[in-house]
Structures are given as C-alpha cells and as structure tokens.
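Alright, here's a single protein chain in two forms, structure 1 and structure 2, each given by itself as structure tokens.
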Structure 1
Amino acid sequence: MILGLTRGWSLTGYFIAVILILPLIALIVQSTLPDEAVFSHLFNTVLPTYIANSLLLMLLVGLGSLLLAIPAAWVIARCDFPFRRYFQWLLLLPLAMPAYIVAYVYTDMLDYAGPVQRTLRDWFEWQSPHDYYFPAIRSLGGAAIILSLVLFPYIYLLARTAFMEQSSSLLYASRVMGCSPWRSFWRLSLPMARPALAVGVALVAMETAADFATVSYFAVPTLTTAVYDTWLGYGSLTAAAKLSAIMLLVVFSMIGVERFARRKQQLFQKQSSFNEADRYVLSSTKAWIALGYCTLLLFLAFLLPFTVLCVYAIDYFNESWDTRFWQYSLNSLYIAAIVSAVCMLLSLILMFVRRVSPRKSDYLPSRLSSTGYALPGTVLAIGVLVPLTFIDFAINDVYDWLGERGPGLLLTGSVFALIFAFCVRFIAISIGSLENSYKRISPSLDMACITLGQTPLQLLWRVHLPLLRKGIFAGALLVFIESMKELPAALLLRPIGFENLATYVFQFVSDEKLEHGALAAIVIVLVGLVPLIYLNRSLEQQG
C-alpha cells in the first residue's frame, strides 16, 4: 500500500464502477415503474408458463448434466484405462460449441424429414407419422438434452478436480473395510464431492437461464425469450425490465447457492492428497466400458456436430466464402478488439487502486465492476438500453430547446451500445486475470519503489506493467474471445444493418439454412477452443 495515495485514484475507481453498474441500477429502477398494459397482460396470460418452463428447463439440464458428467469425471480421476490422459481435456471441447448449432444439427438429423426417421420408415415400411412414435426434438425435453450435452463439462471439470483432491487415506480405509470401487464411490467419493457438484449445477443452471438461441430455435417460451419478445414485439422497455428483474432474482439465487457450496468446498480441499498409483486398474471389460462411455460422450457432444459443420462448409463453400463473411468477420474482430482494450485499461486502473491504496473501501470498485458477468445477455441488453435511451432523449430535448434538429438515437443506434454492454459483461474476466497476476508480485517491490521516490504512476508503468504482461495478455485474449461469441446482447443492441459472426450464424439457424453459415460457425467454434486450451494448460501447471 502507498500511504498518502491521492483521493483522485479512489474517485477514478469509483467513477468506473458506477459507469459499469449503471445498467443494473437502471434496470432495477425501470422495473419499479408502472406498466399496467403490457406486463399485466403477460402476467395474466403467459408469464406463469414462462417461469415454469424456465425453472423446469434449469432442473432438467442440471439433472442431465450431472448424469453425464459424474461417471466421466470419476473414471478419469480415479481409474486407469487407455487414452485416459487425452479424455481429461477432450471432454472439455463441448464448451466451445454454441448450443444453438448443436440444436440445429440434431434437429436436422432427428426431425420427421431427417435421415434417422427416413431410414426407420424404409426399414419398417411405415407410411405416415401415425404408424410409429418418435419423440419430438423441438420440445422442452429436446432443449434440455441439447443443453445438457453442451454444458455438462462445467460439472465434469469441478467433479474431476474434487475426486482427484480427495484424501487417499480415506479411500485406502474404505478398501481395508472391504468396499468395492463402486461402494467406495457411492458411499465415500460422491458425498465428499457434493459441494463441487452443487457449484457445477449452479453454473449450469445460470447458463441455462441465460440461454436464448437454443430455446428460441426450439420455440420453447422461457423468461429469456419473453424479454426479447417484449422489447422487440411490444416495444415496452418497462415490461421487459420487469421480466429481467424476475430473471435477476433467479440468477442471484443460483449465485447464492454457488457461494454457499464453495464455502464448504474450501474446508474439504484441505484434506487433499492423491497419487497416480492410487488409481483403480480396470479389467479389460470395464476399461472398454469406460473408454466407450467417454468416446460416446465426446462424439455426441462435439465430434458429430463439428463433423456435420465441416461437411456443410465444404459443400457450401462457394456460397459461404463471400464478402459478407469477410465483412462480418471484420465487424466481430474490431468490436472484440475494442472491448478487449477497454476492459484491460479499466481493469488495470481498478486493480492498481485496489493493490496500492491504504483504504479498505477501495476494494469495492473492482468488486462492483465484476457484477455484470452474472447478467444474462438479454437482461444486460435491456439494462444498457434504459440509461442510453434516457441520455438520447435528453440530448434531443436540448436540441429541440435550441430550435435545432436532434441527432436521433445517437447512442442506442450505434455500436457504442454494443461495446458498452460487452465491457460491462466481460470486464470481470480481465479483473480476475489481473487479480491472479498481482498475487505473484511481492508487496516489497512496491515499498522499494516508493522508497526510491517514484510516484504511483511510475510504479505502475515501470514495475507493475512489465510483471503483469502475461496476465494482461491472458485477460485480453479471453475477453476478445467471449466478445466474438456473445449472441443475445448483440441481437438486441446491434445497429440496423450491422451484423457480426454470431448474429450472422444465428440468422441462418433461424432460417433453417445453417449450411450457408457453416464456415462462420466453424470460425466461432475454433475461436472458442482457445480458452479451453488455456484453461487446460493452467490446470496442468497447477497440478
């Protein structure tokens, strides 16, 4: 800390934090305003269905993800079978695949006109849909299965870590007491991993609540689609804000569950010790079953959709490789680059103030600035629209008062709204990256620098920045990638006629023509692989 650090640094930190939480404050204020017409109509007609579908979908996806992730996590953490080392990171790949692309691929295969049902009709000589039963993929259950396939790695990653950190002495004791590997898993490993599983389920539930594209494609009405339809269909910002406030309540409840579970997990992890020799050596039959399960999971969640995308891209390469692909790629790149630079600059200021300030209250701005990451994209978009619309109207009122023609939607009709929303949502990533990097810098360096007569700005420029290079690069890269992939906020906030890769691909998905956007979809998937590689390398270094 630096005694006597000027208040200007603290005020700058608080100013940044206020700007970044402005959408959340505006959303809460807007949701308290009266809106008898639209919201009352929704409340009396479809709102109960929206809420029920959202909660049921979160429950089904959480349960489905648990069932998929736990067996894979346990056999990889505790057993030895061929290719186990490869599967421990391969099973993270589904996170790179946007759920709406997986939904399109499976719908194309399993719908009435798809190859699966056509083959069944040919084999059994069925003539019409009345001759047989086939579950509808375009349903709430279908959406739950697709989202489970894409989101199970969250639980898999946390469960695998929890199983590996369990004390070996306890497992030895269970073996001495005659427990088989299955009984040891059921009576010891699984109960001890419950805090990690609860964290994973909470993360999956939050991602499910925030999903827009998949449920929209399957025509399943949820709170996310309700916010989107209320704003674009009814044009009621207040009703959309009220729906967003309901979603916020759900999301913050999940965060509360996650925090509670993590508190217990910290106590549990103190007992950790695990050796490679502690793994169960599976017999040939069981090893093949473990290998087959992991292979099937990887095939269904990633390899099959990605292969179909590649086939589409090859077959429709001439239609996809056009000026729109390049233009929308450039749009994605420059928006992501600006967001990444702004987030890193603001994060650097916030974390520097937090690092060197002697005042405990200066911890608060960085914490407040990170809250935007918890907001679903559609909710954040409404929160951004509220203050920017107010500012736009105020500017036009001033022009009217001066007798001049106003500029119109100066902020809400430009890419500024898009960049602002992305910064609010993703600055938590850059703050987290810098926070980890700052932990590795000894405070004695700060003291030595100040003792030598350097100012706080010189300390930041000459000492901190060179030592933070890796953290800055990692944070900027992760923010860049997330900005490339973000869809719900981009759909609501993009200027008229503006497209990026995510909205471009979703447009083809909505029109049932993903084949024409497969090339762009592959770019999104490949970009999404970068943070997974980074995450896996970080875990290996920690191990």
Structure 2
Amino acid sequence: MILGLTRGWSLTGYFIAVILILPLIALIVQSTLPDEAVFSHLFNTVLPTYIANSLLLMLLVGLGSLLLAIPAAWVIARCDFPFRRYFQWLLLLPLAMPAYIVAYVYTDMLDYAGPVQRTLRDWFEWQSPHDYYFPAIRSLGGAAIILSLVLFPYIYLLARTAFMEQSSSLLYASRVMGCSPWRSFWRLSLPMARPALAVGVALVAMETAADFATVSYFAVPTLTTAVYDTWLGYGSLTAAAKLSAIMLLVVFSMIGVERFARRKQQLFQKQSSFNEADRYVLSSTKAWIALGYCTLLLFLAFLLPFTVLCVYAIDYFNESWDTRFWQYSLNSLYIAAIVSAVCMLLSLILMFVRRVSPRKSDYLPSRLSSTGYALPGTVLAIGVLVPLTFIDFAINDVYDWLGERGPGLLLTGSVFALIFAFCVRFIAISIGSLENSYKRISPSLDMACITLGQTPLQLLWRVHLPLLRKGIFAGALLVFIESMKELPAALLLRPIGFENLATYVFQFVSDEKLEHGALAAIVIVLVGLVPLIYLNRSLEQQG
C-alpha cells in the first residue's frame, strides 16, 4: 500500500526480530565451540539410540494421532448422530492436559503394582511377572500412545475444518459416478484433506520432539532428554548445544515438510459450499458406533485422567491446599499474563509494519520472529542463557568501571530470562492470530484513513485496534495457556527458588507422588479449558 511509512516503524520491526532470534544465533555459535570430546563420546555410544528413539516416537505419535483423529473429524464434520454438537468441542479438551500427567495416571493404573494387573493376577492366580505377559507402559510404545492421546486434537481440529470446507457438489458428483460413501471418502475427501493433515502431523511431531517430561518419566531417552542430561550430567553446555543443533535440523526439516504440504492448499479449497443438510444421516447402528467411538476417545484422553486427578486432589486436599499452592498459582498466572501481554504488543508492532510497509523486505521481521516456536523448551533455555549472561556481565562491568556496586544478575537471576524465553517460543502464536485477523480488514480502510490525514499511529490506534480486538484476545489467550503449561524451559530458567504450577507438579510426578500435586495439576487443566472453549466458539462462528 502507498504510505509514507517512517523508517522508524520498519527499524523497530527489525529490532524486535533480532532480539527474538538472538537465542537461536547464540545456540548455533555455541555449538561450533570445542567441547572436550563429550559429543564424540556420546556419538560413539548412546546418541544413535537417542536419535532413533526421537524419530521413531515422532513417527508413531504422528500415525497414532492420525488414526485417532481422522474418524472423529470425519463423523463430526460430515455425518449426523446424537450429541454431535457437543463432541465438536469436547474432543478438543485433551489439549488442556499436560502429557506427563496423563502418563502418570496411566502408569499408576497399568504398572505391575497397579490395580489393573493386580486384579488380573487375582483372577487368574498368577504369582509372578513370569506367569503372564503384559505390555510395559513405561516404554517407547507407551509414550507414543500417551502422546497420541493428548496431541490428536491438533489433527482433529484441522481435519474437521478441512472436511467441512470440502465442497458438497464434488462429493455428490463422486456419488453420482457410482462411488460408495466409503470409496468417495478414500478417493476424494481424504486426499483433499491431505495438506491439512500434513500440517497437523507436523505440529504433533514438533510437540513430540519438544516433550521432555513424559519421555523422562517413561525412561525413554530422546534427543530432548539427552540435551538436558548432557548439560547437567556432563556439565557441557557446548555438547548440549551441538545436540540442540541436531534437534533443530530435525524440527526445521519438519517445518519444511509442512510448508511444502501447504503450498498446494489453495488449489484444493476454492469454494466452500457445505451446508448442514448435506450431512450423512447415520443408521442407528452406525450412529451408535460413531457415538461410542467419540465417547471412548474423550473418556481415555480426558475424562479418565481428569477424574483420577480429582480423586487424588480430594484425598490429599489438606496436604496440597497450602500457601505454596497459592504462591505457585499466582506465579504461573503472573508469568503467563506478562508473557501474553508482551507477545501481543510485539506481534502487533510486527504485523502493523508488515501491513502498512510498501517494502517487500518488511515481511521479514514477523517471519523471523516466528521461528522461536520451533525451539523445544530445553534447547531454547540454552539459547536464552548464553546472550543474557553476557549482557548481565556487561552491565556489571560498566558499574565496576564507574566504581559502583553492580546490580548483580539483573536478567538471568530474575524471572526476566523465563519471560523472555516464553515470549520467544510463543510469539509465533500471537503473530499467527493477528495475521488471520488482519486478513479480514480491507486495505481500503487504511487508505481512507490516511487520506483523512491520520498518522500511522492513529491508524493503528483508531482503526486497526478496534477491528483486531477479537484476534488479539484469542492470540493472547492461547499464549497464556501455553505459558501456563510450558515445562522444560521453566525447569531450566526459573530463578532459583521460584516455582510455578508446571514445575511444582512435575516435581511431584518425578518423585512418583502426583497425588500431592493433583490440585495444582487441576488448576493447569482448568485454566487451559477456558481458551479452548473460546477458540472453538470463534471457529464455529466463522464456519
């Protein structure tokens, strides 16, 4: 658009972007330093297994989530059965559950000492583990199942939208040409939804790669746990940075796949002319199957673990309901509130620059700033510490030079490091949300506004902001919930002695007594539910 945008705006955009990718640059620089052969030792011994575990886990979770999500997305998008409207959003609930909590609950139930195996032993009078076979829950397969249960809603959400957007006339055409509903699903709907599915799988794989707590609890070493161990166990930041670089390679190739899949998306979704009347009305048997499937999925992925949490919380209420619980809840809320405010503010600036700048290169800052989402928390923590420590020392050096007593660790000794890391990781979400909202504001509004003699700031304040309100709110909510849940970065970056709900709950999980932290876990889940329901409502209104 034609606008005498001051260089200031554009420079601000670049400035923000540079700060946000600082951790990434630091990481890459750090990984090129020598590391006293720790890395080569790892490479010769355990690293191949770690890499294989990571890749296998991503593959299995991707497949598992697809298998769980597609049938649900299809029946809810294209068929009609009782309670369908409720399941539309109920199936999103598992996203509010941190995976390691679900893992704990299932381990407690399915372990050798748990109620399921105990009951089986009583029934069949088995004496020892040698008398029967029961799959080990704490294994790669177990981790894959748990992560699939928690992550499938990503694919479900995208697939549901894709199926709803498919034009009915195409499907009618296939039916007229003699395809059964099955065949037209396989030959038409599924291939057309492929780009959306690929995006979903890439998201799920990225979340799997970033998972630290579940795999460490299940004793399945992956690259993420290796980064953690190498740093703290071998005490080698450089070797950890080298591992992180490998991990980045994996994650960025995944993003490549996702972009590649989306490249064709426009071709497929030219018009959406789906209406309610086009749904298949299922026969009563089939309706029961659909209902049963959705119920089972909801039960396993959300209701069961949530109920167990509630039972624990009631049992151990007196032990858990103390000042620490309140303090940590406040800490969590406070960090999440700051992070979502900062993310919204920065992404607003970035997107505004992109919107009004006539220069093509001004797309770059918002793109660059979004790369942080690809950094798993553990990796990000290392990336954040390197530059912040450097700055901390520089500040104190200046004080020393002036002959004054320095302020100490201003950045790394406070929650600043934590907030910065969360912003780097989650700003991609708020940028995405604003990008969507901006698409719906006609550029002619901007032009009219400028013609009327308004400055860019006035344009932003008086025209864009009111129109973007919803997008801002949705983006901030999503960032908020992610900040409440994020664990690995919080574990490594929190100032010593500072806990939030996620680190608090994880300590109980790793000590194998979640019972005491159940109340805190419930708070994380409940806070996560609010944005999910809001998000779903706004999606429905669009549709």
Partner chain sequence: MKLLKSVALLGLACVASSVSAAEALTVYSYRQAFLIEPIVEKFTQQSGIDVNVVFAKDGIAERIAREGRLSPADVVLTSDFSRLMELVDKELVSPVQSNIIDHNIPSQYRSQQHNWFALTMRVRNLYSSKDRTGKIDIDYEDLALAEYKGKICTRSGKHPYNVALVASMIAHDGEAKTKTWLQGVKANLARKPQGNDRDQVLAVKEGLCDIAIGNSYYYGNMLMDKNQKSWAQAVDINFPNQKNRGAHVNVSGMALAKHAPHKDNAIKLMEFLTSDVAQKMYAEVNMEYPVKADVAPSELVASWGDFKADSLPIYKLAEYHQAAVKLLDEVKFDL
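Superpose the two forms; the largest set of C-alphas matching within 1.5 Å is the rigid core. Residue indices: 1-based, along structure 1. Note that the structure is a prediction, hence the values are computed from the model and not measured.
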Task: Pair member which, unlike the other, is the form predicted together with its partner chain - done: 2
- [ ] Determine whether Leu304 and Thr161 move within the same rigid part of the chain between structures 1 and 2.
- [x] yes
Open item on the list: How many degrees of rotation separate the smaller rigid part's two orientations between structures 1 and 2 when the larger part is superposed on C-alpha atoms?
Closed with: 10
Open item on the list: Please give the CA displacement of Leu402 between structures 1 and 2, in Å, after core superposition.
Closed with: 9.2
Open item on the list: Give the rigid core superposed Cα shift of Ile349 between structures 1 and 2, in Å, rounded to one decimal.
Closed with: 3.8
